[in-house]
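Consider the single chain below, provided in structure tokens and representing the form predicted alone.
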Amino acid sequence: MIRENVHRPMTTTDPIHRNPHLPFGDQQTSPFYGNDILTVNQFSRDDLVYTFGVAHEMREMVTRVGTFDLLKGKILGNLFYEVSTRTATSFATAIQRLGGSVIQINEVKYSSVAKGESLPDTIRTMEAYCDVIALRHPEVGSAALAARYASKPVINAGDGVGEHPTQALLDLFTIVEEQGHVDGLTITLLGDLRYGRTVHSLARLLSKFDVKVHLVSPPSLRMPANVMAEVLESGLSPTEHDTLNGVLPKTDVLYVTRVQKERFANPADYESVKSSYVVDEETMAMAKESMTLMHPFPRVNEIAMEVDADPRAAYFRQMGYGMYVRMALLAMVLGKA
């Protein structure tokens, strides 16, 4: 069954603030009920208020009771064509915290894909056994293709160098929880901005806010022209830099990305840029005491391990926020938020 992805936006006018709280008892059917989540462009600012309200409620409920039966009887299909630790585990934990269960396929080489099965056929097979599918795939546009053929909701868990919408949502939720607000912040994105799909999605979300954005990368790893054009059209005017020193003292949120070796066709090109930036104790000494340091992980050598003890290092807390956001999204698409 080929269907169109129809998005029904929220119409609230609440500003995003620390710990927005929307009790389940006051909710009607989720505006995302039955919908795919393919791109951050689906989310208005009001949608973000709604989503983060549900995510915060999830956080409080997990703290109080651990697990609950909101999605009892529901099954998530975790279909990952690329290796994943945090995203796959986070989705699996999220559905189980909500009382549901998961079908986990981490390496498609052990599935019928190895026999030449197409993505549409794999998706239609998976949806025979589950209620929602989280898809990680190496090709840009794969999630949209899967959604065309699925009759169940598809959540984009990363499509090549394209987008990673659930990561961007948890990143923004992290900023809200750590900083207390988004408007007025100076946010610096550092590292591989060309291949890093997390920063592509995050830049699109940040364009909905009154923020100053600095982009720091080697010239060969600049933000792609299409993403830059999109955020410029939205009114955001990011500035590009080769070094961190000039912008670090003004930065409220430093978002670090690794240089992605697997995206380089020529190993020599990777070697030339892999250690372009390293955040260490000396770097942190130049930063604001109130700065939040983030990273989507995996980490290679771009943040020294001694920085982990710094209270400004939020990347492990960021992983926890990701579970709450994915719990919220699963509840929303299945109509229980």
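All residue numbers are counted from 1 along the displayed sequence. None of the values given here were measured: they were computed from a predicted structure.
Omitted here: the form predicted together with another copy of the chain. The next part is about that form.
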Point to revise | R86, T125 and G320 all contacting another copy of the chain in the predicted complex, non-hydrogen atom within 4.5 Å | key: yes
Point to revise | Answer option from R204, R197, R136, R97, heavy atom within 4.5 Å of another copy of the chain in the predicted complex | key: R97
Revision key, fill the gap. Partner-free chain; cross-checking another copy of the chain in the predicted complex, the single residue of T257, S90, S217, T251 with a heavy atom within 4.5 Å is S90
Review point. Do E178 and another copy of the chain come within 4.5 Å of each other in the predicted complex, heavy atoms counted?
Key: no
Review point. Does E230 reach another copy of the chain in the predicted complex if we count a contact as any heavy atom within 4.5 Å?
Key: no
**Study point:** Contact test in the predicted complex: D69 vs another copy of the chain, heavy atoms, 4.5 Å
**Key:** yes
Practice item. Mark P120 yes when one of its heavy atoms lies within 4.5 Å of a heavy atom of another copy of the chain in the predicted complex, and no otherwise. Key: yes
Point to revise | another copy of the chain in the predicted complex: contacting segment from 283-291, 297-305, 46-54, 31-39, heavy atom within 4.5 Å | key: 297-305
**Study point:** Residues within stretch 31-49 having a non-hydrogen atom within 4.5 Å of another copy of the chain in the predicted complex
**Key:** none
